[in-house]
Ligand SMILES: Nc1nc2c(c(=O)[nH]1)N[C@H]1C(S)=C(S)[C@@H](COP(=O)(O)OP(=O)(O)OC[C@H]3O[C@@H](n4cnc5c(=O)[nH]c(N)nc54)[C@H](O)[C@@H]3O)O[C@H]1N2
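To begin, one chain is listed below as structure tokens, in the form predicted on its own.
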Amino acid sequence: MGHPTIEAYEDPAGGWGSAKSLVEILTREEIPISGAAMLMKQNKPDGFQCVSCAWAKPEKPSTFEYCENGAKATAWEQTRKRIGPDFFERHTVSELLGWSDYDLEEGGRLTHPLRYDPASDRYLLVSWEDALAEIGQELRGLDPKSVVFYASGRASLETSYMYGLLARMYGNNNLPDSSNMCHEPTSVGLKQSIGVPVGTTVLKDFESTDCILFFGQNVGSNAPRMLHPLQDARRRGVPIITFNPLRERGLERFTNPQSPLEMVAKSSTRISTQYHQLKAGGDIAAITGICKALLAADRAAQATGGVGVIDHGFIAEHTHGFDEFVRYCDGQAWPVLERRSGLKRADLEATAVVYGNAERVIGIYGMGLTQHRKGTETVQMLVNLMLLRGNIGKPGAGICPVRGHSNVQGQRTVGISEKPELVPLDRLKEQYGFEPPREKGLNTVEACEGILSGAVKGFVALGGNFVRAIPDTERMEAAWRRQRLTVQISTKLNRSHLVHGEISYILPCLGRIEIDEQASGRQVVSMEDSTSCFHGSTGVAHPVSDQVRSEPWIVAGLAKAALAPNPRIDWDAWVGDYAKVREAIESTYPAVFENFNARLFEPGGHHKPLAARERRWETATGKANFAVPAGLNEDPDLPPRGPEVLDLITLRSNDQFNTTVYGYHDRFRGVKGIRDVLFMHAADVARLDLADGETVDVVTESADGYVRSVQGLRVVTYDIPEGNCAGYYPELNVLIPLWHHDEQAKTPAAKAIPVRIAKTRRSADAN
């Protein structure tokens, strides 16, 4: 990718930088004209839903209803480059293991079903008939409890429903998905606090809100289309207060690349009115400080006969646990809150003043809150703050977790869950005449533990790059090869295909953007966005090969090969007409999917009913619950550390989406041509006797007996809190111990990893 350069980037998010990046990737993927035309169908009623993030789709889409990263995802999927059987004639698997994530996916779309051949160390062409037959035979020979069915989050509602049914009819609830790695604390925490496992806001709420709080979410890289409602809110004078360890450009300034006037004038909108760079894991302390300041202001106002800032009427009618929460806040000393959050008391009190004067507030957050040992408690602390002023269950207000993959929330809605209590198993039994397993299945961490122990013998992956996305990757890759069977349903080659089991298959599937012709004609699929709205999606591009198959076709093929026939399920009829799958979904979830087929293309989406939006609290207490955290430390059980140990944050570049690396240009951070970098505060660089640009090794501080290290990272002096450092995911996943996860949700705690840093020995010798 050229000679590495690191230099400050001064421009806003969006703007000409975004336009240039789009032209570059369309040209690189050899689709400059067709790709541009395809983008005009993205997120449109007569087109396809973006395959990138899950941000909401407006009722009246703009002409260019896509962002830079969404366009990259489209170009990446619709590249003209191909990987067929001839590719593996030229390359062994052992050779490909040395390739980078970028180079593997940049090879192009997979075109034929493939089976690993150990004699030649290559994947060889296999017929669909033979592939499905052998996979079915292997699955029938394995203990159902030893097989995992993973789903990445991009698969449609139709595919996800069929996949969950396949797993349960096979005999397990081993259905981990990508939400286990990112927003599971949302599902657990929100369910306990307000009775629903998802956010309560819809896109229209951004039009009437009068304050927005942002915690741990990089909108410029991970959900850029959200910048448009944020820009509109700022133009109305809405304050946006951000809490994030790093200063992210999308939360500083934004130029709308779809506005000719802004582009020509090179003007930009200031996004954050306050920007607080708290320490990694300092969110509970920061939110506690805001709550403490609000309670103090409320008491002061009441003492003088004024109007309080706490909504006591809402609290009395709708909440439980308020008094205990007040005692918790009162018991926290300001010096401790300042030290743990890394912020000044005055900053937290300034936030409380703005929040206290706003009537309708939206609380937005991302994985900066969820990926900690106390991630669930951190999410609940933000809910506590919202409850103090009744900011859940009214227009213009609510809690807003920003989900990643485009249907990661939706697949949970239709049954992709390892938790049997979240799935209507009795209804499935009635519909399909089988006894669904009632035993809890394996989540991501538990599946990894099973692979390490040898209890997991088979792994079927519906998309994704599981081997690369999980923590403790060096240990996991060694154990992964001991499995009997691994199956990857994929569009592109990645490392999970190369680190394989004894018997391994690659099954190439259609992408969502491609035309899906089945027996009844052209098919449409559906998905759910971050705001709990369902949308239809229609493919517009020709398939990359006549040998790729749709995801429903593949899932049905696996079911027919591995399961005994069931007279109540006609898998072929479902594949022939996806509307029949949607009818089955509606039958299983009648309250959620009422008139599903008829409402598939409802402008703005078909809204999922959520009790919390109506201030009905489906919790154990029947009310919204104030949750008192166990302490201020979001990662309390890390080993004691001296000043030489830093807390590492893993993050994504501007040029990637999850494990997919589109290129080596992290434009907003000024890093080009390299990903092996470590962002550090200048004081830490000096204190550890390092220099900007020097090469270092990073080792996890852990007492479990395993050495986890990454060599050869380039030090980049950066605006990051002292005591913290940061580097790119997934390369640094090797440093995350498998046990280092959220206590309740088991999401890997990737935002606070204790590490030691030392000069790379070879670099020191060279000097």
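Counting begins at 1, following the sequence as shown. Every value quoted in this text rests on a predicted model; they were computed, and no experiment measured them.
As for the form predicted together with the named molecule, it is not shown, yet the points below apply to it.
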> Which of these stretches, 615 to 623, 129 to 137, 643 to 651, 574 to 582, has heavy atoms within 4.5 Å of the named molecule in the predicted complex?
Replying inline: 643 to 651
> Heavy atoms within 4.5 Å of the named molecule in the predicted complex: does residue 48 have any?
Replying inline: no
> Does residue 229 reach the named molecule in the predicted complex if we count a contact as any heavy atom within 4.5 Å?
Replying inline: no
> in the predicted complex, does residue 736 have a heavy atom within 4.5 Å of the named molecule?
Replying inline: yes
>> Given that the named molecule is not shown alongside this chain, does residue 53 nevertheless sit within 4.5 Å of it in the predicted complex, heavy atom to heavy atom?
In response: yes
>> Please identify the residue among 382, 416, 460, 280 with any heavy atom within 4.5 Å of the named molecule in the predicted complex.
In response: 280
>> Counting any non-hydrogen atom inside 4.5 Å, which residue from 161, 466, 123, 149 sits next to the named molecule in the predicted complex?
In response: 466
> Looking in the predicted complex, is the named molecule within 4.5 Å of a heavy atom from each of 66, 272 and 535?
Replying inline: no
>> Using a 4.5 Å heavy atom cutoff, which residues in 198 to 217 contact the named molecule in the predicted complex? It's fine if the answer is none.
In response: 215, 216, 217
